[in-house]
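In the block that follows, a single chain appears as C-alpha cells, in the form predicted on its own.
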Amino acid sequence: MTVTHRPSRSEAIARAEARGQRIAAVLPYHYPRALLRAHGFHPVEVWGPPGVPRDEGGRHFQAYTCDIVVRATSFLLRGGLERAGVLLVPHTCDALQGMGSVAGDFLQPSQHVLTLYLPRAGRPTDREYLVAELRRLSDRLAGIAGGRPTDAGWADALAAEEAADETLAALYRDREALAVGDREFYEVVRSREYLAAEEFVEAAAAVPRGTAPSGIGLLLSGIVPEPMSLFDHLAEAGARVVADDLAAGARRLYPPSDAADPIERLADRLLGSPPDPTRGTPIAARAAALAGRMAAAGAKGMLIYDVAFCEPELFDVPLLRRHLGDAGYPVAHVEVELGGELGHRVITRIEAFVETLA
C-alpha cells in the first residue's frame, strides 16, 4: 500500500513562488525554518543531491571532502539552484563551513550566501551565542527581503512550523500503526525537506493506518538514507527500520519552547534536539540514548549508514561499537557515495549483518 500523491520538489517550489515566497536553498541540517518563513522565504533542502557528478565541485575541495558538500557545490555551479535567492549553509561540520566560505568568498553565485554557526553544547553561554547568531541571520534576511516580519508574521510562521514538527514527531510515535513499508514512510518523513509546513501536515495525514510490516528490527543511523533503494534492500534482507538516528530524520525532533521572544524560542528548540555527533554530544550520553531508543523500539542492532568522508559520524563509530556492544546491540558500519544505486559490496554487507541478528 502506498500513500497518495505528494507535490514534488519542483511543484512545491512553484507553489511557494505562487504564494509570493522567495526560495532559500538550505544545506544540512539544523536551521530555523520559522525564521525563514517569517521573512518570506520557503526553504528547500539540498542533500547533495545524489547522482550529481562530483567533477565541478571537486575542483574546489580536497578529494576526501564529504560527498554532500562536493555534489551540492557541483549542483550550484551547474545552475541547479537558480530559482533560489538565498543559499543558507549551517556550520554542521568543517566541510560545510568550508563550503560556506568557498561559495561566499570565491564562487560568489547569484544567490546571497548566508551562514549559521551552531554551538556545540547547551550551556547558557551557548544559548546566548545562538540567539545572537539567529538575530544576525534575521538581520541579513531582512536586508534581502526589504523589511522585518510583523508580529502576525512571526505568529503565523511559528504556529505553522511547530505544527509540522509535531506532525513529524507523531509519525514516529505512530510508526507501528502505519500500514506502509520503510521506503514509503521515509519518503513522507523526507518530504519535510521541501514541502510547506501545511503541505507536510496533509501528506502525513494521508499515510494509511493499519499494521506496519514485520521484519528484524534495526535502528538506522547516519546522515541521509540515499539512495532510497536502501529501504528496498533492507526489506529484501528481512529487516525493517523500527527507529532512526538520521540527520534527515529523528535528529530533528525538536522539543517545544514557551519563550515569548521568537528568536529565543527558535534557539531553545534547536538546542533541545536529540543527541547528535555534529552538535558535540558526549559519546556516553549519545550511546545511552541510542540504547534506550533501541530497547523501546525492539531493535536487534544498529546500522550506521554513512556518507563517505563524514568526519563527525566517523569519530563516534569506534566508541559506539564498544558502548552499544556492551549493552548487547551489534553495530555495523558502511560508507557510501551519493550515487544512483547501492553497490553490491554494500548490499552484501547489509545482508550479512541482518543474518547475524536473525
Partner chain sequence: MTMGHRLRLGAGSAALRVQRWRAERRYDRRAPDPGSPLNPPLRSTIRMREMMSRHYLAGRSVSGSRPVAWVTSGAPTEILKALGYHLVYPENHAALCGARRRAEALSSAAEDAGYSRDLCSYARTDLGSLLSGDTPVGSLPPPDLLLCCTNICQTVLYWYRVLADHFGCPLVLVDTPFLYGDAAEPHQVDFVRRQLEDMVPAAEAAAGREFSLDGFTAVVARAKQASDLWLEILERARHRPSPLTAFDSFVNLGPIVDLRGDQATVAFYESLLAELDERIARGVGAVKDERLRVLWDNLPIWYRIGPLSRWLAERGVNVVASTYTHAWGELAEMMDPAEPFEAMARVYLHPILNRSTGHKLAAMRRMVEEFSIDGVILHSDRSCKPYSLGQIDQRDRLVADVGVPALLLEADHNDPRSYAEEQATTRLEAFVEMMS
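Positions refer to the first chain, counted from 1. Being a predicted model, the structure only gives us computed values, none of them experimental.
The form predicted in complex with its partner chain is left out here; the points below concern that form.
Novice: In the predicted complex, which of 304 to 312, 47 to 55, 290 to 298, 25 to 33 comes within 4.5 Å of its partner chain (heavy atoms)?
Specialist: In short, 304 to 312.
Novice: Select from the listed residues E11, E17, E335, E341 the one whose heavy atoms reach within 4.5 Å of its partner chain in the predicted complex.
Specialist: The residue from E11, E17, E335, E341 that makes the contact is E335.
Novice: Which listed residue (P277, P149, P262, G85) meets the criterion of a heavy atom within 4.5 Å of its partner chain in the predicted complex?
Specialist: Selected residue: P277.
Novice: Check, residue by residue, if P7, D245 and R252 all come within 4.5 Å of its partner chain in the predicted complex, counting heavy atoms only.
Specialist: Not a single residue of the candidate spot has a heavy atom within 4.5 Å of its partner chain in the predicted complex.
Novice: Evaluate D105 for contact with its partner chain in the predicted complex, applying a 4.5 angstroms cut-off between non-hydrogen atoms, and reply yes or no.
Specialist: Residue-level check for D105: yes, a contact with its partner chain.
Novice: At the 4.5 Å heavy atom threshold, is D126 in contact with its partner chain in the predicted complex?
Specialist: Yes.
Novice: Indicate whether D94 is a 4.5 Å heavy atom neighbour of its partner chain in the predicted complex.
Specialist: The answer is yes: D94 has a heavy atom within 4.5 Å of its partner chain.
Novice: Residue-level contact is defined here as any heavy atom of the residue lying within 4.5 Å of its partner chain in the predicted complex; does A284 satisfy this criterion?
Specialist: Residue-level check for A284: yes, a contact with its partner chain.
Novice: Pick out the residues of 57 to 72 whose heavy atoms come within 4.5 Å of its partner chain in the predicted complex.
Specialist: In sequence order, G58, R59, H60, F61, Q62, Y64, T65 come within 4.5 Å of the partner.
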